[in-house]
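As structure tokens, one chain now follows by itself in the form predicted on its own.
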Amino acid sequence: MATTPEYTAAEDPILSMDSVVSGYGNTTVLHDVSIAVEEGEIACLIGPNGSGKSTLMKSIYGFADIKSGTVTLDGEDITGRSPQENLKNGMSYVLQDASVFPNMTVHENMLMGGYVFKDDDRAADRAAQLYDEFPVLGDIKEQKAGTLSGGQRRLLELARALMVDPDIMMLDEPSIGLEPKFIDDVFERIRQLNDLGTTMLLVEQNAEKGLSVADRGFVLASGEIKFTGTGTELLNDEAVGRLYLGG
């Protein structure tokens, strides 16, 4: 592994996977995977297409089948817990595929992110708070989501995931399909949200961009963790660069 004396393993993680084997039905995708994320960090998972990155996220959140091993959130075993329960208990997940409801307004999409409250006033109050943090969304809150640009839709997905004030937010390919100028905007927003205290685990196809904002990084290939380190260490590691960064 590309660890150096500067790299410190997570000792008291808010999220961890321990020796997880998982996949879908009879198909195994992840093989004995262990990762850990400290509270307040941005952790980034990179790797080639088909390496199991999205399956790792889905295993944490309850969309994939865990065959052995454990997933822990804030000290509690959540292995196999449903996505609904994970959302209620402080974990949000922004999927790789577009997930806005195009025929609903921006505001209606935001309220959908707070459906677990079962309290319309509470959801509306939280949405109002988030419009202060995302003023561009507040300006277009009555606009149909299907008319938004790719960058605006991604900001809506980020803001909606914050409706539950999550302990950790998982982002699957936040830059996918975006023009370069919108990619910079999205990663600047990720930095800002982290500065405000949101812990993040992200999968990113743009490995250099993802690692550049990451406190902790993991390289996944063929369903196994091949390298770990700080984001800077992985960016500067010759083997990682040669195999996964095109350098």
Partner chain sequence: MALAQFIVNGLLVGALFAAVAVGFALIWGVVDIINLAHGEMVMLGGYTAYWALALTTGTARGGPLVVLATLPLVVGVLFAVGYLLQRVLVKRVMGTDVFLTLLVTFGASIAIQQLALRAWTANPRSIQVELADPSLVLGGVVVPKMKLVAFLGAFVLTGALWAFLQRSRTGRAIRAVSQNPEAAALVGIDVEHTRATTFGLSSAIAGAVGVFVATILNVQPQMGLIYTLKSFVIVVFGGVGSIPGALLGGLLLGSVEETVAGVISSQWTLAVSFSLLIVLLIVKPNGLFGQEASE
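Positions refer to the first chain, counted from 1. Since the model is a prediction, treat every value here as computed from it, not as a measurement.
In what follows, reference is made to the form predicted together with the partner chain, a form of this protein that is not presented.
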Any chance all of R126, V136 and P166 sit within 4.5 Å of the partner chain in the predicted bound form, going by non-hydrogen atoms? no
So which of I140, I176, L73, L95 reaches within 4.5 angstroms of the partner chain in the predicted bound form, heavy atom to heavy atom? L95
Taking 4.5 angstroms as the cut-off for heavy atoms, does F63 touch the partner chain in the predicted bound form? yes
4.5 Å heavy atom contact, F101 and the partner chain in the predicted bound form: yes
Would Q84 count as a contact of the partner chain in the predicted bound form, using a 4.5 angstroms cut-off between non-hydrogen atoms? yes
Residue contact check: I78 to the partner chain in the predicted bound form, 4.5 Å heavy atom: no
Only one of 194-202, 55-63, 180-188, 213-221 sits within 4.5 Å of the partner chain in the predicted bound form by heavy atom distance, namely 55-63
In the predicted bound form, residues of 111-135 near the partner chain [heavy atom within 4.5 Å]: M112, G113, Y115, V116, K118, D120
